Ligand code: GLC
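First, one chain by itself in structure tokens, the form predicted alone.
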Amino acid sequence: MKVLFLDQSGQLGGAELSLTDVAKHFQDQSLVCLFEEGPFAEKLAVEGISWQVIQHKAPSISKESGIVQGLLSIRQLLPLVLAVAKTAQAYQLIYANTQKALVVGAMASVLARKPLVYHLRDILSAEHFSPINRKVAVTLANTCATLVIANSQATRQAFIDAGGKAETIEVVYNGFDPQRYQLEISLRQKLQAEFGIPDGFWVGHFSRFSPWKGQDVLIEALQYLDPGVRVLLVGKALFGEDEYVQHLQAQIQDYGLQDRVHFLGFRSDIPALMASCDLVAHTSTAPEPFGRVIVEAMLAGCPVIAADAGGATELVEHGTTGWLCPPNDPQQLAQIIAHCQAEGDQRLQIAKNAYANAVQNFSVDQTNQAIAMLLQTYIA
């Protein structure tokens, strides 16, 4: 099947990593169109996936945009829509991977008379999107999309609660290649030398820096824990959220945790880093659509504490494949971390359970087969 994939970002976020796996399955006859250049294009090239940038500057619409800003952006959108519609003539369908891609793809699908698939990777709620953006996404999906694919039951339900059609949305969990995470390499000595991290109980946090990702919750929890507990923050601010990084640094100073919190920046060796940690903390303060880092940690053999909301609750069985913690509750988070530190045997057993669960339920082959079957059912 010839698929034209659309993605708004040149950055490498979870949505883009997941799209890479899907596009690779269809790569012989498909094309990924981006609205801006960046590391994502480089990733696609390395994977042998055809790509092109249609516009070097993405439309200036944010999740918090109101109707006035949305209307002002139409002048930016029209050339992009026309270019996508022209490109789409050579393909069987348009596959929008993000919300901005949905806006462009919906209009282009009408002009090109091609079916539209929307891969919904966001929870359409007030915590994540403005009212007008939620309304636009649901309206375009209901009127233009032949199929909506949700990355979790939580994402599906939020779409329906926002007014989306239940009969057009199907759930397919993100997929992963277990082999990519089976590394016998420990980076502890290398990290100790490079960043001056003393030995101890290492808690890793893997995410872009954003207030709703909750790095500040983990830092606050750290003050209640044994001095041997150290936090490794992996990621960077991607979307103009540098002030949040400054807030984190000030928070660390206020709590006197300068020697216990280590910023590792953006890294490409995530599996090896996870395998070097004693625990991975997922601390999102708003419901997570899926929680890619949770499954990645499971496959890397590292136990996980996840925020008890959204798609994360579908990935973790508390006390069996990980631990769930109420969002934005640093004291409870500290108690669970302390328990994990003290109960080494249980921690190792849960890591084994989680790995087996991840391999069985979140393989990339299963995901791609499910998507291919849906496309054949809804589009062919």
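Heads up: residue numbers just count along the shown sequence, starting at 1. Quantities reported herein were computed from a predicted structural model and do not represent experimental measurements.
Quick note: we don't show the form predicted together with ligand GLC, though the next part is all about it.
Residues with any non-hydrogen atom within 4.5 angstroms of ligand GLC in the model of the complex fall in just one of 290-298, 135-143, 254-262, 80-88: 290-298. Put simply, of 230, 121, 100, 156 only one has a heavy atom within 4.5 Å of ligand GLC in the model of the complex, and it is 121. 151 is the sole member of 109, 276, 151, 283 with a non-hydrogen atom within 4.5 Å of ligand GLC in the model of the complex. Contact between residue 18 and ligand GLC in the model of the complex is found at the 4.5 Å heavy atom cutoff. Contact annotation for residue 14: at least one heavy atom lies within 4.5 Å of ligand GLC in the model of the complex. Contact check for residue 212: a non-hydrogen atom falls within 4.5 Å of ligand GLC in the model of the complex. Taking non-hydrogen atoms only, residue 208 approaches ligand GLC to within 4.5 angstroms in the model of the complex.
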